[in-house]
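Listed next as structure tokens is one chain, alone, in the form predicted on its own.
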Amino acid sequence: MMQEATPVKPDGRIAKTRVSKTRSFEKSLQRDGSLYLLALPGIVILILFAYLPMSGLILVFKNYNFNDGIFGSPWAGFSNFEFFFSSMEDAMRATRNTVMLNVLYMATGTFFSVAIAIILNELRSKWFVKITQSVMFFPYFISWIIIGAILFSLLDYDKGIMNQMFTALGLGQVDWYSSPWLFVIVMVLANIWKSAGYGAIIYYSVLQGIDTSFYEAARIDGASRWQIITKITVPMLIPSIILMSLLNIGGMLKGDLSMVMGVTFLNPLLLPTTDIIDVYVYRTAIRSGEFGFASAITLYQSVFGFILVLVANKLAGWYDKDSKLF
């Protein structure tokens, strides 16, 4: 007669599973302990400066005051959001300006960064490339306040160098600080000057990792330099371009307040195109101490930025599965 199989209790299975997971984790620590130790400072910094401050999101639903503090202030519900969207015209203008400027920054910055990286990759003089990299990287560390002072000396209506040149050439003077749409060009050019060198170094490092056998085979087949750039170099850069674009899209609704303040001095005549969300929050909330309202708009920016990343990541996956962030 066949013996009946002894049933295994669920608790026994769970205990065995836990033991196996514990042993596998111990083996992982023994094998990759140095890597875990190397990652530990970054994990601690991420928790301290990225996750713990998220507890401050409670301010979004609070009517904050200094006497009661964050947790003692009375609840406000969704009134902080209502305050932003109550003036729909200003809210839409701030959102439109933020998206418009960030799209221009990302498009022009990527184009010039890639172009500079390709030019550096085509140069044969290594010492010249190193010097050029250092020179281009330097503007990235210059404060927007200093850049704003430089631009003012160039664009001032009465004493600016540009208007003096126009006058010498018999042309009319341009009042840059009273022309909102014209000043958009100034801000885009300033952003290119400041950040293109930084982006070029990133793309140039990617080009250094390309297998040189591709170029050698192309030269043997008689390909011109332009054909090598368009058929090998640019396609090899596309995954990195997509990755950098996805990372930038996450901050599409976040503007650079220091840039606008340093370059425009919050000139009210330029607000039709420079009144981004961060500037709007600063003007209407930070100055008056409405931190709950400022936190609500920050949450609004983060949520929609996350949605944009999800959509862009999906589109990138349709183009190339390996180019997705997740």
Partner chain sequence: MQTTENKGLLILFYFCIAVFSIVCLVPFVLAVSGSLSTESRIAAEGYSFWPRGFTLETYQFLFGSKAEQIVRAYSMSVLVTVLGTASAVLVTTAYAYVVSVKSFRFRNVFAFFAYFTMLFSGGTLPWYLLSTKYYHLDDKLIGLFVPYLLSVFLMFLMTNYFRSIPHEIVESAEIDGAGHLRIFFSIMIPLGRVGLVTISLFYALQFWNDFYLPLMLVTDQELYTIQYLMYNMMANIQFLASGNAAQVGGAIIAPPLETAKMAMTCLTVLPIAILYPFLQRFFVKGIIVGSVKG
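The term rigid core refers to the maximal set of C-alpha atoms that superpose within 1.5 Å between the two forms. Positions refer to the first chain, counted from 1. Bear in mind the structure is a predicted one, so any value in this text is a computation, not a measurement.
Only in words, not in the display: the form predicted in complex with its partner chain, which the text now covers.
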*Sort through 232, 106, 184, 206 and report the residue having a heavy atom within 4.5 Å of its partner chain in the predicted complex.*
206
*Determine whether any heavy atom of residue 122 comes within 4.5 Å of a heavy atom of its partner chain in the predicted complex, and answer yes or no.*
yes
*asked:* Even though the partner isn't displayed, in the predicted complex is residue 59 close enough to its partner chain, meaning a heavy atom within 4.5 Å?
replied: yes
*Hey, in the predicted complex, is residue 257 touching its partner chain, heavy atoms inside 4.5 Å?*
no
*Interface membership of residue 167, its partner chain in the predicted complex, 4.5 Å heavy atom rule*: no
*Contact set, 286-323 vs its partner chain in the predicted complex - heavy atom within 4.5 angstroms*: 299, 302, 303, 305, 306, 309, 322
*Take the rigid core as the frame of reference and indicate whether the C-alpha of residue 240 shifts by 2 Å or more between this form and the one not shown.*
no
*Take the rigid core as the frame of reference and indicate whether the C-alpha of residue 133 shifts by 2 Å or more between this form and the one not shown.*
no
_Taking 2 Å as the cut-off, check whether the CA of residue 95 shifts that much or more between this form and the one not shown after a rigid core fit._
no
